[in-house]
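Next up: just one chain, as structure tokens, the form predicted alone.
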Amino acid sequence: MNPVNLFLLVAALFLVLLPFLRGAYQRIWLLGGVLLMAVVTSVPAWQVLTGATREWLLPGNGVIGEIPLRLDGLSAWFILIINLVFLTGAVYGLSYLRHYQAHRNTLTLHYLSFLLLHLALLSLCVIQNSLVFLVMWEVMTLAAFVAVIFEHEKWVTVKAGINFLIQSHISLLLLMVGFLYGAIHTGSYDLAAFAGLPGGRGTATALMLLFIAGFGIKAGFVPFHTWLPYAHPAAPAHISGIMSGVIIKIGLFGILRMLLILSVDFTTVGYLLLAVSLVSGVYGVMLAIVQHNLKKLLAYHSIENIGIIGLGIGLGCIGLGGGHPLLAALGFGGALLHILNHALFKSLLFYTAGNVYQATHTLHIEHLGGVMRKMPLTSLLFLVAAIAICGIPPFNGFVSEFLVYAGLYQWMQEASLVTLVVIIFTIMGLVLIGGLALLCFTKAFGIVFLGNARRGHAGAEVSRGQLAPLWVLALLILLIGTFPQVFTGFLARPVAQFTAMVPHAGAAVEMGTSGLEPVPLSGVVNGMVTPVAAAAWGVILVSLLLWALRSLVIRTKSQETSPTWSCGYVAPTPKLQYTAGSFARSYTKLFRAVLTFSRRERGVDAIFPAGGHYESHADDKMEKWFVDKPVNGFQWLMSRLLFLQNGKLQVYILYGILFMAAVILIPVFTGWLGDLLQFLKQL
């Protein structure tokens, strides 16, 4: 059977029958639906990564025309990532939601939205009809909205969901304008026809900027990120992992897809993406450090990593514009690999945060502590993901960031003075992002998992079934860090789609020495990451050697344990521990000009003070400038017009009379005005 028809049949079957099932049968049906959709789409996607592009044509109607479905290297890469995250998210989510079995109707709606979200994301990767693409984009938005507001009895959750819904529709509006413009000027809804858009490179570039804004809202680029820090903490843990792992990545997919289609000025687009991405990366991690909600902290790190991916895309565009195939390969290769890496370690971080929430019933970092004593496996998995997101070997985050760094140094070899300044600032920004990320996760892990419990929360490790998908993610994180050449090899086809756009470059690059044969770009990238793999194995072997030597040395020595020095306090309490705020105090003082804080404080006085209170909250300046001020201005304007809605029936009747009079009189006055202008012309 045709894979498309099989996929549609499987999706329809599971969506239609799921509401009629209950309990364990419903959970099994959901998992089976996700698994079957993943298998049906992953098989052709895997074949495309190692073979030729596949295309199908669905019959449409007189309005939208035919619906082309194209599965190329870029689509295949994203489909495999989506399926991986949804499979782990489904297995984890079913265990996570066992505590909500009493909410039967809510669970049924949530499971339906989960399947529909999976269906929509997979469809967006292959649909090439712009009108149908917009329809599926809306389906994805609505399904994600329903999934986010699972705990709809909480007002803060509903507010976050509505915020997400409104900003997603702004994204939809921008995309609709861009797609309709292209359809009007090409006479076709087929995205492939947009390559022949009249108006030259300038028009295509302007249209690309519109698409960057539309897709950038979903991706979470600054200043389009303001929905993200609210939706991630409000959603259940498995939905947070999926949102950060793949939903925001579909925005990046849209940008990459339009770069392949439109004949834009790649250099201009590349510099723009570099600037926006650098601001996003630095701003995201700066705000992450001062967050007190664990999931909100992770949400801001999603913005940071979107910035890193955007830097890779920007470098790739500059490589295309300047005719540097190796720079393009390193930029796009690093970006695509980091999309996979971020999906792995960020979903793992959100899942472990969900474990902590289930055990302690709070995500407030200031209220946590000592979690590692009760949840050692969750703590270990969080630590693995934290090391990976900070870009430290031997885990996967280091590999993709290394490719982006390699692209920057490759670009430096032929840079002018102005370009060199841009490169230096970009490298400094990447270094700053890495250093601040390390500071942030040192704080998060130390305050949450180490020390003693601050509020006496009782906790216990989650079940093995709930930990199983987390171990799979951790294993993949380690495998990419130790065998990166295997995974960069799979990137050969999607990267070749971009490097083939370099004039006279083809898919090979000269190594710079006369007499040497051209080497495929995939081979050059693999050659660059091979030393990274060797270094990763070196770190592992040295660590194992030191551990073995330590075990050998202490085996024959007697060990004594005694309490640590309590600084003179005979009865130390958890209140003497560092808090998240005190840990980052020096940082907040250093960046006070950039960050905005609000405080609630009750001081202590008298000889025997009854108690004090101090609470701080970091505000998002971008949100205040681009969301709060426009909304407050609109509310002020509408408040001036409240007199129109005064509840008096006679006034509303008067409005109707005035409207009918205007309908009658406006054409009359228009005719008189036309006659008057004609008379004046005759004079």
Partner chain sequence: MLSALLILIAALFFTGIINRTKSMASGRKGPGVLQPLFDVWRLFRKGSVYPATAGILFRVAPTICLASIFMALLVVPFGREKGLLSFSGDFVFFAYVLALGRFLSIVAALDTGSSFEGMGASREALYGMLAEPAFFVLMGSLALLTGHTSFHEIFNALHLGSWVSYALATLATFVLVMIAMIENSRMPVDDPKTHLELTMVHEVMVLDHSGFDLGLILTAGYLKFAIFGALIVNLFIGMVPTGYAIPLFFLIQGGMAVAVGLIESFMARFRMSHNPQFITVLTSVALLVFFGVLLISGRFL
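Numbering follows the first chain given and starts at 1. Fair warning: this is a prediction, and the values are worked out from it, not measured in the lab.
Beyond what is shown, the protein has a form predicted together with the partner chain; the following relates to that form.
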Heavy atom within 4.5 Å of the partner chain in the predicted bound form - the one residue of 424, 210, 479, 170 that qualifies: 424
In the predicted bound form, the residue from 452, 263, 188, 268 that sits within 4.5 Å of the partner chain by heavy atoms: 452
The partner chain in the predicted bound form: contacting segment from 393-401, 252-260, 224-232, 195-203, heavy atom within 4.5 Å: 393-401
Site test, 134, 155 and 616 vs the partner chain in the predicted bound form, non-hydrogen atom cutoff 4.5 Å: no
Interface membership of residue 428, the partner chain in the predicted bound form, 4.5 Å heavy atom rule: yes
Contact label in the predicted bound form: residue 86 to the partner chain, heavy atom within 4.5 Å: no
Residue contact check: residue 439 to the partner chain in the predicted bound form, 4.5 Å heavy atom: yes
Residue 590 within 4.5 Å of the partner chain in the predicted bound form, heavy atoms: yes
Partner contacts for 533-550, taking the partner chain in the predicted bound form and a 4.5 Å heavy atom cut-off: 534, 535, 538, 539, 542, 543, 546, 547, 550
